[in-house]
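A lone chain, given as structure tokens: the form predicted alone.
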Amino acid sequence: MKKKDTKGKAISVGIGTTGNCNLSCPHCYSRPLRGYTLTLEDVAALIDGKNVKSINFGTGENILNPDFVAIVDHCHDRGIKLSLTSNGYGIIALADDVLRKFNDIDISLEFLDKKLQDDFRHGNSWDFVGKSIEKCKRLGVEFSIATALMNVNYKEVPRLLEKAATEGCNLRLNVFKPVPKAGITKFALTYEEFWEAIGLLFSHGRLISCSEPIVNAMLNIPPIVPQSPCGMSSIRVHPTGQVVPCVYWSEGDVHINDLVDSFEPAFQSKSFRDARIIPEWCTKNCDKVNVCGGGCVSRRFLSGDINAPDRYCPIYHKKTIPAIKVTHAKGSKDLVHSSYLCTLIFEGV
């Protein structure tokens, strides 16, 4: 079964303007993209004249693209809501007036120990994070600590939430996805570790937003975006110019040159149509399918069987649905990441 195609809606775009980076992290999905860079002309041709809701700049460390500031200015001048995911190096390097053009910023941090963080990322990551946090606070720019949730750091969740509370920011978590073509598989959470991590998040923090379909379905959280936004209302652009439904989707069959007039060639391409597949098992056996849609489509794709339900689904695996109490943060926040990929955003208590 496939989800309905989405036409005419404002599209969220994730752009990796470069695959280059100043660090060498073992969990990096974008290592094969190093050496590739998009130009201002590439980005302008992609977005101009189209209904773009928001843009997040991620993948590599975008400040290493010589056109990056010009790209930011071009997008900002068109009234597009912008965010940046960075290891901190680019945030420090950007001029204050440029950083203020972002709606919100994500600063990558996996461990709350300088040696662990620096050793893991093979560089001066700890200082980058500290200086970029202080800069965002000084400028009054909304920011989040962004964490890849892995089997080596998921027990750090309570401390990461405490850190977010201390710094007056959010904690955003992407569940690590094994990307075989990038040579990264060993950090994936087991079924038990995944649900233990989710339990830690909800017992030590308050939910700002959740677009992880399997979590929304199992914990009865009204989704911001039903099922997964990937392939429906968002696109990703690799530094190679390839267009994919999710950043972890290493290959696509559409190039930015195909999207000069419209985003529709992307949404009608095979990779995007595949991203809208709902496993038949789910449609026949689960009353939560309209919320979940089979779970995170990239996890299913990267597992080698996109037609199988999410690896973390209790119903499919005949497990008891975890009894986790959901506490929501008061009010709401306008964060770019809230509705364009599978992610969880919390505030510390």
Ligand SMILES: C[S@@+](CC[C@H](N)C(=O)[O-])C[C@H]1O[C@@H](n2cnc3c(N)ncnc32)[C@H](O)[C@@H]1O
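No experiment lies behind these values; they were computed from the predicted model shown. Numbers follow the displayed sequence, beginning with 1.
Form predicted together with the named molecule: not shown, discussed below.
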Worksheet item: Is residue 110 one of the residues lying within 4.5 Å of the named molecule in the model of the complex, judged by heavy atom distances?
Response: yes
Worksheet item: Is the gap between residue 86 and the named molecule in the model of the complex 4.5 Å or less for some heavy atom pair?
Response: yes
Discussion item. Is residue 29 part of the interface with the named molecule in the model of the complex - any heavy atom within 4.5 Å?
Written reply: yes
Worksheet item: Hey, in the model of the complex, is residue 207 touching the named molecule, heavy atoms inside 4.5 Å?
Response: no
Discussion item. Among the candidate stretches 29-37, 66-74, 46-54, 320-328, which one is within 4.5 Å of the named molecule in the model of the complex when only heavy atoms are counted?
Written reply: 29-37
Worksheet, complete the sentence: Assert contact residue (the named molecule, in the model of the complex, non-hydrogen atom within 4.5 Å, options 242, 234, 174, 211) equals 174
Worksheet, complete the sentence: Exactly one of 277, 200, 184, 116 comes within 4.5 Å of the named molecule in the model of the complex through a heavy atom, and that residue is 184
Worksheet item: Looking at the named molecule in the model of the complex, which residues in 229-250 have at least one heavy atom within 4.5 Å of it?
Response: 248
